[in-house]
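Next up is one chain by itself, shown in C-alpha cells, the form predicted on its own.
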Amino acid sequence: MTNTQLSLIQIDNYGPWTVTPEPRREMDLQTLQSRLFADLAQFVGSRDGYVFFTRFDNMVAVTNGLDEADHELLQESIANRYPVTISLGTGVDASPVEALESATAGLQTAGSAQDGDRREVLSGDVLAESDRMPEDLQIAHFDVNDATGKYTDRLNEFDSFIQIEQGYATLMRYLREEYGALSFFVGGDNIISVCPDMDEADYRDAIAHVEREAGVELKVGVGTGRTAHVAGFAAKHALEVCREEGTDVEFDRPHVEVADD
C-alpha cells in the first residue's frame, strides 16, 4: 500500500503584495516566482523529494523523508532571502489526493492565503520514520509518443503547446477523478503522476482515455520507492524500456543507490 506524504507550499499574502504599494512589474514577479521554485526544488530535491510548481503562488511537494524540522528550516531559509514568506501544510494518506486534502485543510483553517496576519504557518502530520516502507510511493512518468515528429517538427510552438497541454489536462483530470492520483506537467512532453496502488490495467485505461478524448498517444514508466527520487528514478528507467521495446506501460523496481565510501 502506498503512503504518500504531500506538502502544500503557499506564498503568504502574495496577491495583495503584488499590488502594494502599487502594481509590480510582471517580469519582476515572474522572476521571483521562478527563483523561488528553483530554491524550493533544490532544497526538497536534496532530500530526495519532488516539487511541482502548479500555480507558482501555490506549489505541491512530495516530501516522504522530510520531517517537521526540515519544513521549519525551509521556511526560515525562504524568509531570510525573499521579500515573501511561505506557509506549509502536510498530509499523509494512501491516496495522494486525500493527502493533499489534509495538507490544504490545515492551511485553510489557519486563515486565508490573502490574510495579511497569517505568516509561516506549519500544520499537519508527517510520516513517522517507523511507519516508512520501501514502497510508500508510486510514481508514473508519462511521455507523448513521437512528440517531436508529430508536433515540434511540424507545428509552430504555440500549436504544439496546445496539443501537449490538451493531453496533459485530459490525463490530469481523469487520473484525479478515477484513481485519486495527482499529475503535473514538468516540461517538454513529460508528465509526472503521484499515484496510489495502480496496476497495468489502470494505466492502460488512462492512456486509452487520453487518446480517445484528446487524440494524444502516451506511454508510461512506473516505479515505486521509499522517496520520490527513488520511485521517480525507477519510473524513468521503466520509461526507457518503453522507448526501447515500443511498449506502452512498463513497471520497474527501485534502483538501489550505493553510498560513497
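Position 1 is the first residue in the sequence shown; the rest follow in order. Everything numeric in this text was worked out from a predicted model, so none of it was measured.
There is also a form predicted in complex with another copy of the chain; it is not shown, and the following applies to it.
Only one of the listed residues (110, 133, 94, 186) places a non-hydrogen atom within 4.5 angstroms of another copy of the chain in the predicted complex, and that residue is 186. For the chain shown alone, residue 212 is not a contact residue for another copy of the chain in the predicted complex, no non-hydrogen atom being within 4.5 angstroms. Heavy atoms of residue 83 reach within 4.5 Å of another copy of the chain in the predicted complex, making it an interface residue. Residue contact check for residue 104: one or more of its heavy atoms lie within 4.5 Å of another copy of the chain in the predicted complex.
Another copy of the chain in the predicted complex comes within 4.5 Å of no heavy atom belonging to residue 128. Of all the residues from 1 to 36, those having a non-hydrogen atom no more than 4.5 Å from another copy of the chain in the predicted complex are 8, 10, 17, 19, 22, 23, 24, 25, 26, 27, 28, 29, 30, 31, 32, 33, 34, 35.
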